[in-house]
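Starting off, we have a lone chain in the form predicted on its own, written out as structure tokens.
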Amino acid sequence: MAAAGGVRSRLHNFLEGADIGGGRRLVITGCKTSLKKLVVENAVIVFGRRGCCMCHVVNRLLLGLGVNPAVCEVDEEKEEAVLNELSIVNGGGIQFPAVFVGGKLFGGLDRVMSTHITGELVPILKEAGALWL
């Protein structure tokens, strides 16, 4: 997916194995390792189908709280493989959108919304290092 001006995000380039500058090329040889690395290295990461409205809602909610989550939009043809690899990383079944907080599966839109409504989301995000204030 191209961002404004035709520039692709670093995360999208990482998943595609594209050049990200400086001649460094990240290629996914073992998808599980690469996805696990993404999950562990980001305080909050959202995996979802490309163009999914629920993924957009999760992202907007997190942005509204001051979190800048990494977002991985998955094309239809890669969806099954990504879900399988995320299941291996997590140890269970996963559905999109899948939100990982602090390296662990947090849940989907329903969990994010319910914890936000009850006031539990912000402390969880602070604990994960996604919020400082």
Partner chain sequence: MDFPSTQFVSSQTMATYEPIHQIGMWGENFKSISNPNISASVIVDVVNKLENESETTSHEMLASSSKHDQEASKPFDKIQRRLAQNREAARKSRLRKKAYVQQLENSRLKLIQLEQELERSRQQQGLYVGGGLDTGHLGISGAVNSGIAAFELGYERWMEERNKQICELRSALNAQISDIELRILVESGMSHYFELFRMKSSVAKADVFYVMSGKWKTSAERFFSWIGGFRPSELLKVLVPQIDPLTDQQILDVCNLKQSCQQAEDALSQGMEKLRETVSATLASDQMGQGIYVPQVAMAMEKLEALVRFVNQADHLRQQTLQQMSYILTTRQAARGLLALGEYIQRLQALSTLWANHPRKPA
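Remember, it's a predicted structure, so these values are computed and weren't measured experimentally. Positions refer to the first chain, counted from 1.
Not on display, but discussed next: the form predicted together with the partner chain.
Remark: of stretches 39 to 47, 81 to 89, 99 to 107, 59 to 67, the one touching the partner chain in the predicted bound form is 59 to 67 (heavy atom within 4.5 Å). The partner chain is not drawn, but in the predicted bound form it has no heavy atom within 4.5 Å of G93. In the predicted bound form, no heavy atom of I124 sits within 4.5 Å of the partner chain. The partner is not shown here, but in the predicted bound form the stretch 100 to 127 reaches within 4.5 angstroms of the partner chain through a heavy atom at L109, D110, M113, S114, H116, I117, T118.
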